[in-house]
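Only one chain is given next, in structure tokens, and it is the form predicted on its own.
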């Protein structure tokens, strides 16, 4: 059986008394996976452990079946591309020269290295800035240079640490399109961000980290189900608020009711689908003039899971 692109087993990392990761078990294989968590959640620590820039305090990492704490791990590095969160550039070099140097260090002859550098610049839309020095570039341009060096050798596993930071809307869209394309090609992309809607734009598969621990993982729709375990709010505009509330309570469809004023009625429920079906007859009878369901967006969902310590 083919091993996954990335496998973490009991992975721990401490920085003195500070916990970077704690007991992480994770497998990532094929397509785009969002790595979500606030700053300090352990996203960058995980990527540093995967790339060998840090050593585990306990546990281990496997990349394409190869243990990163054993001899021979360097053989897999050509199959991995890494865009770190911090800038790691040769500041006085021009963009093309910077990438050419990396390609030569990776084993290319000078001519092939320059062609590889130009192809990477074109891919990220930076070909017109090939002769521009890195220390004269904006934050967003430098981010795209990092992406160019990440894909320089057409890796199978891409580790992207907050890749959209500092980018303008046009280039953010371009990068998100590239990430989705890489996933469709069968590559494995670990896309780290603390902004949930960025991840939602490129994938529905997510891993949530909080304080170095795995909070939840799965598809977005599966994780959204966790929100259904918490009461949802349904707001009605009705001439019969007390009658509707009484019948919903009697049918055991709500956990709470409130009357904000006027013709408004707010119902809290853990059985949203059943409640909406129950309310249909009131709507058909003209008792309800407006109905709104308070949807939990991804930001509030993440906050709720952290606050309540929900894990899956």
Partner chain sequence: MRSSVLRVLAGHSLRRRLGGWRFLGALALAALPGLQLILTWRFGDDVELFPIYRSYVVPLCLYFLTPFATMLTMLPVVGELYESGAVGYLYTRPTPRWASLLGLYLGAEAALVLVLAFGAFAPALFGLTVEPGGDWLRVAFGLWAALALGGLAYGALCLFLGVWSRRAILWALFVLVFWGAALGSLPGSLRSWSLHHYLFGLVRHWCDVEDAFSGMFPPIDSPPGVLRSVLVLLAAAAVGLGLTSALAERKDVAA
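Heads up, when I say rigid core I mean the largest set of C-alphas that superpose within 1.5 Å between the two forms. Residue numbers count along the first chain shown, from 1. Quantities reported herein were computed from a predicted structural model and do not represent experimental measurements.
Same protein, other form: the form predicted together with the partner chain, not shown, and the subject of what follows.
> Taking the partner as it appears in the predicted bound form, which of 188-196, 233-241, 202-210, 106-114 has residues with heavy atoms within 4.5 Å of the partner chain?
Residues of 106-114 come within 4.5 Å of the partner.
> Among 257, 272, 54, 246, which has at least one heavy atom within 4.5 Å of the partner chain in the predicted bound form?
Of the listed residues, the single hit is 54.
> Just to confirm, with a 4.5 Å cut-off on non-hydrogen atoms, which of 73, 174, 132, 180 contacts the partner chain in the predicted bound form?
Selected option: 73.
> Indicate whether the candidate residues 82, 91 and 101 are all in contact with the partner chain in the predicted bound form, with contact defined as any heavy atom within 4.5 Å.
Every listed residue reaches the partner chain in the predicted bound form, so yes.
> Answer yes if any heavy atom of residue 154 is within 4.5 Å of a heavy atom of the partner chain in the predicted bound form; otherwise answer no.
Taking the distances in the predicted bound form, the answer for residue 154 is no, it never comes within 4.5 Å of the partner chain.
> Taking the shortest heavy atom distance, is residue 86 within 4.5 Å of the partner chain in the predicted bound form?
Residue 86 belongs to the contact set for the partner chain.
> Determine whether any heavy atom of residue 146 comes within 4.5 Å of a heavy atom of the partner chain in the predicted bound form, and answer yes or no.
Yes, residue 146 lies within 4.5 Å of the partner chain in the predicted bound form.
> Heavy atom within 4.5 Å of the partner chain in the predicted bound form: which residues of 33-49 qualify?
Only 48 sits within 4.5 Å of the partner.
> Superposing on the rigid core, do we see a C-alpha displacement of 2 Å or more at residue 70 between this form and the one not shown?
Shift of 2 Å or more: yes.
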